[in-house]
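This document opens with one chain alone, in structure tokens, the form predicted on its own.
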């Protein structure tokens, strides 16, 4: 199994340098993870390094297909609260 990078990726390069297995590479338009090289950092680090440094919620998925940084995890704002505030702002 391996982590994967989805199209939410903004190509910030943060994950590229921290991967201990050189599993992350630049495809034509975004970064990708080579599933044959990704070890999920097991044996190297407690947490997957790509996910721990990624500044974009939902851009990296776990092997189970779940966001490694789900909505609200980086901002501390629960998704429902964010939706409520955005709706209030847009109503003005």
Partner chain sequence: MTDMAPQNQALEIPSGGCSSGSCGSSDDAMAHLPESIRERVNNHPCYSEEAHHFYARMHVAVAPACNIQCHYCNRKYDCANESRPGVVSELLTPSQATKKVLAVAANVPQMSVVGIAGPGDPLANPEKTLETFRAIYKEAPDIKLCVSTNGLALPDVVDDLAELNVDHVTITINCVDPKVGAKIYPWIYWENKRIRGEEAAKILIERQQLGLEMLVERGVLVKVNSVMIPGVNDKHLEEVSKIVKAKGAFLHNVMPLIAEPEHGTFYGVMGQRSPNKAELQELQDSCSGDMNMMRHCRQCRADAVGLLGEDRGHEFTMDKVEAMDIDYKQAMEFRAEVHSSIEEQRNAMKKVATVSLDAIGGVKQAQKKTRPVLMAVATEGQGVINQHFGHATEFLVYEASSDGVRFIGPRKVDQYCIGSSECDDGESKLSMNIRTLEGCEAVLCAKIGLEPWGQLEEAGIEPNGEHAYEPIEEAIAAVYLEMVEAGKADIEVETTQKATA
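Keep in mind that this is a model prediction, so the values were computed, not measured. Positions refer to the first chain, counted from 1.
Keep in mind that the form predicted in complex with the partner chain is missing from the display, and what follows is about it.
Visitor: Going by heavy atom distances of 4.5 angstroms or less, which of 62, 52, 30, 34 would be at the interface with the partner chain in the predicted complex?
Guide: Contact check passes for 52.
Visitor: Give a yes/no on whether residue 14 approaches the partner chain to within 4.5 Å in the predicted complex, heavy atoms considered.
Guide: Residue 14: contacts the partner chain in the predicted complex.
Visitor: So in the predicted complex, does residue 71 come within 4.5 Å of the partner chain, heavy atom to heavy atom?
Guide: So residue 71 does not count as contacting the partner chain.
Visitor: Taking the shortest heavy atom distance, is residue 66 within 4.5 Å of the partner chain in the predicted complex?
Guide: Result no; residue 66 lies far from the partner chain in the predicted complex.
Visitor: Find out whether any non-hydrogen atom of residue 87 is located within 4.5 angstroms of the partner chain in the predicted complex, and reply yes or no.
Guide: So residue 87 does not count as contacting the partner chain.
Visitor: Taking the partner chain in the predicted complex, which residues along 56 to 92 bring a heavy atom to within 4.5 Å of it?
Guide: Read in sequence order, the residues that approach the partner chain (within 4.5 Å, in the predicted complex) are 56, 69, 73, 74, 75, 76, 77, 78, 81, 82, 85, 86, 89, 92.
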